[in-house]
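Just the one chain here, laid out as structure tokens, in the form predicted alone.
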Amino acid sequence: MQSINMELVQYSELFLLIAAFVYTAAFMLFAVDMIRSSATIRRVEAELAAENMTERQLVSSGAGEAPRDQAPHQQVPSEELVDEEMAYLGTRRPFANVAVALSVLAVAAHAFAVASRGIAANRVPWANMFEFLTTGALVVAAVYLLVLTRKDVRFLGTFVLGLVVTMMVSATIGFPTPVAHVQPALQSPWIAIHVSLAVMAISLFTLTFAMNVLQLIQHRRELAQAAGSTRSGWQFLRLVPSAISLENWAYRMNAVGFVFWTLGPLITGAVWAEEAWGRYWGWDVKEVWTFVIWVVYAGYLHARATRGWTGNRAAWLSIIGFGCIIFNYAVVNVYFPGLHSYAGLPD
């Protein structure tokens, strides 16, 4: 067995600390952008009013007709400032844009930290709870930035990076684990497939959790608006898609995450269990909770697709599924003895 490169481990820890600080700075800037949403909304409304006035002047002077294919931000009704497809509005949001740039830097540092830890130990860097949380936080942030290249989901920045920072702090405080070789049960090629699929699923479920929470808040705002309320506390939600749009996108992403969860923890987990312990299923507490999570999300997808469970009911069912994931990894892994006990705190 090859020795551990302790110098590379030190670099990994340093870059992980750097990534955590940069994530925190990005989170704070996203929060400032949200707080300053009223000023952003006033600026966008002024820009839209100026553009509409120019178009009316052109039409009235006979210089030409208004273009049929308008830019995405011109298709948005005056009351809402973001369309249902989350297309980029071209709005100037300097704090959010700097936060995105910092997030890219943080992901680069984070990726180096995770990769160097794995290289130092000559194995995949997700063999215990510390590594699972730090790798999971990296994938959550990377998936968010990937989605951000296609959709204007800057409104999710505060929620997503808040969860990323929480995961990294939880890993450092709750599960500090020195770099070491893994136990024999984990010395299998299946660990790369099994855990990576689980991380991908959880990263998508994390994003949909943030969307569902925003959906519930947006729904309350829409009800208040329908009742004639003009509460200023709802202002930042004008830069957020409607509750229906948030739910539709959460449903799509949950469907993809469900596929990863089915292939990862459920199917490859059973195959790995047969290789390691001679049986595909043994009612171990970890296996049971993996199946519980699968059932909750399967019920969510089925109810949403065939029973018409839309709106708040679907959002709450998705949030319950994410709560089961948190319980599975924060409680079951640590406090419930079983064949998967090595996945929690180090021996």
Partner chain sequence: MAEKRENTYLPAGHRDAPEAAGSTDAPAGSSRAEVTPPALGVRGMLRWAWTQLTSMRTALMLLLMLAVAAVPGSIFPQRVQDPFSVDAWIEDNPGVGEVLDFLQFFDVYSSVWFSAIYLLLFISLIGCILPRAKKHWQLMTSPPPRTPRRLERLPEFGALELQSTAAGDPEDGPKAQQALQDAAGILKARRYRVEVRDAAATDGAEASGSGDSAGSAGSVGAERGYLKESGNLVFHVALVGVLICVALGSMFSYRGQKILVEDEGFVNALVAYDSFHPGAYFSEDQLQPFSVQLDDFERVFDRESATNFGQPLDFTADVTTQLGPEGEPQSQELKVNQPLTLDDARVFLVGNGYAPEITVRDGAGDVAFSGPVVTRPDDPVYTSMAVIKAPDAQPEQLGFVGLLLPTAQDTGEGLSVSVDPELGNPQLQLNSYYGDLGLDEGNPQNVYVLDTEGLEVLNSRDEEAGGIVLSEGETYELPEGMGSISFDGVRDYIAIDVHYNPAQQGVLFFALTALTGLILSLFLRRRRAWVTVETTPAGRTLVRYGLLARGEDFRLRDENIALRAQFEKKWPVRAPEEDS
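Numbering follows the first chain given and starts at 1. Under this definition, the rigid core comprises the largest set of C-alpha atoms superposing within 1.5 Å between the forms. This is a predicted model, so every value here is computed, not measured.
The same protein also exists as the form predicted in complex with the partner chain; that form is not shown, yet it is the one meant from here on.
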Query raised in the report: Going by a heavy atom distance of 4.5 Å, is residue 4 a contact of the partner chain in the model of the complex?
Result: yes
Requested in this report: May I ask you to state whether residue 27 is within 4.5 Å of the partner chain in the model of the complex, using heavy atom distances?
Outcome: no
**Report entry** in the model of the complex, residue 252 touching the partner chain (heavy atom, 4.5 Å)
**Finding:** yes
**Report entry** Residue contact check: residue 37 to the partner chain in the model of the complex, 4.5 Å heavy atom
**Finding:** no
**Report entry** Proximity to the partner chain in the model of the complex (heavy atom, within 4.5 Å), stretch among 94 to 102, 164 to 172, 241 to 249, 110 to 118
**Finding:** 241 to 249
Query raised in the report: Is every one of 262, 285 and 303 in contact with the partner chain in the model of the complex, taking contact as a heavy atom within 4.5 Å?
Result: yes
Query raised in the report: Of 260 to 294, which residues get within 4.5 Å of the partner chain in the model of the complex if you count heavy atoms?
Result: 262, 263, 267, 271, 272, 274, 275, 276, 277, 278, 279, 280, 282, 283, 284, 285, 288, 289, 291, 292, 294
Query raised in the report: Superposing on the rigid core, is the CA of residue 279 displaced by 2 Å or more between this form and the one not shown?
Result: no
Report task. State yes or no: after fitting on the rigid core, is the Cα displacement of residue 313 between this form and the one not shown at least 2 Å? Result -> no
Query raised in the report: Closer or farther: how do the CA atoms of residue 255 and residue 308 lie in the model of the complex, compared with the form shown, if the change is at least 3 Å?
Result: farther
